[in-house]
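As structure tokens, one chain now follows by itself in the form predicted on its own.
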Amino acid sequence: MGVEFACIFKRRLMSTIRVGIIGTGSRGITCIGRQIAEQSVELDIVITAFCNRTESRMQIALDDVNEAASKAGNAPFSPTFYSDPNDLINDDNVDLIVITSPTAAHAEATIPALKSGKKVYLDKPIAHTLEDSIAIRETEASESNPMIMGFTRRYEEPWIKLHELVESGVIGDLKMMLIRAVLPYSFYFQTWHRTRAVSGGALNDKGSHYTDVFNWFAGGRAEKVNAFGGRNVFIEEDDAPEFCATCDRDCAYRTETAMPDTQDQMKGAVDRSYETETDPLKRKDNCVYKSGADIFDHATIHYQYNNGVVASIFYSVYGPQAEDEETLEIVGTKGRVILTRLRGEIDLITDYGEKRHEVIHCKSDNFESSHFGADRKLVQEIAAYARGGGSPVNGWDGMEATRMILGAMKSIDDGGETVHFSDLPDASDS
């Protein structure tokens, strides 16, 4: 009887994972959906449901993932289409709920998804406000249903290798961290990200990656922050056009209508379906100079941890395309290390610079795929998690990453005043 039960249990754990995706835009489909399609047979995972308020976006998404499945020699998907997230959540043909909707819509889908008892993937950032972030985390805790989150650096081979190196003590005790992000990411001013009410700001969307990395490496909790920033390039112009499609300017930040096919971002290209959108929040070619944006295009942020570690972010979204546009530098008591993301390289100096200096090349075999191979590994982690494995990064991590960013934004709004995190709301289980 015991052997029979064990066999049934094993079959249940290894049964096909049925995925429902809420939010069929670039993150849900271009990154995660395509990787599910490419690894469908290998991981025994299928897409059984889509949810989007705009039905045409679901058909475009389905064509996209089925093209990826066909190229990989896998069977096409036939998902059910929903316009209401709760209908997808309650679908008995869905085991794992993937939430990649705009950030302001995260709580309305994530909280009932966690309460359903099903496995939940939530894309970063966890939410656009601290209140929603805490509500999601407290639901995760009260339901004893840890979710998995999409902080891609946790799944990129060079960052994993770097974490192992630092943990090994090769540079001594970690004391300082700096993330330099000079990014060609004008799209934050061209999509729904341009307002805090929907995104929590570009700093929340991109910077929460960085605060999660700091927390991953620091082994402590940030106590305070001060920050400076604002806008000094994407400044409102009285005569700015509404959309790139209606503009004939010679502009470095023009978005053209084409299928996206770039590494890690969709700068300069959107698919043709967006031409018919009339809602500015659904457009991907808003002029970067038009009124209505309340987000920052640059910032410097400085954190102090409870274990003495200090960490800084040097950030802008109007940088040039370059191989060193994103780096992480870590200084320890006997060495330092620099990771250059776009090159997949780690430059290591240890033993006080006297004995060892080497460049470690640690690109994964899938480095040329989306997010430098992270999305492929992420889907593998999702499959393992759905079958009962642990989560490498959960809702508490997501809440903390966004809490740190929103604290930095408060400091900027307050003219650089130091913000103590003990003065901000926190989850009840923290």
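One rule holds for the numbers: they count along the sequence shown, beginning at 1. Computed from a predicted model, the values in this text were never measured in an experiment.
Unshown form predicted together with a small molecule; subsequent notes refer to it.
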Can you tell me if A105 lies within 4.5 angstroms of the small molecule in the predicted bound form, counting non-hydrogen atoms only?
yes
Please determine whether D123 contacts the small molecule in the predicted bound form, using a 4.5 Å cut-off between heavy atoms.
yes
S391 near the small molecule in the predicted bound form, any heavy atom under 4.5 Å?
no
Report whether the minimum heavy atom distance between H361 and the small molecule in the predicted bound form is within 4.5 Å.
no
Pick from H209, K119, R154, R196: which has a non-hydrogen atom within 4.5 Å of the small molecule in the predicted bound form?
H209
Between the options T255, N215, S186, S101, which residue brings a heavy atom to within 4.5 Å of the small molecule in the predicted bound form?
S101
The small molecule isn't shown here, but in the predicted bound form, which of 318-326, 72-80, 169-177, 144-152 has heavy atoms within 4.5 Å of it?
144-152
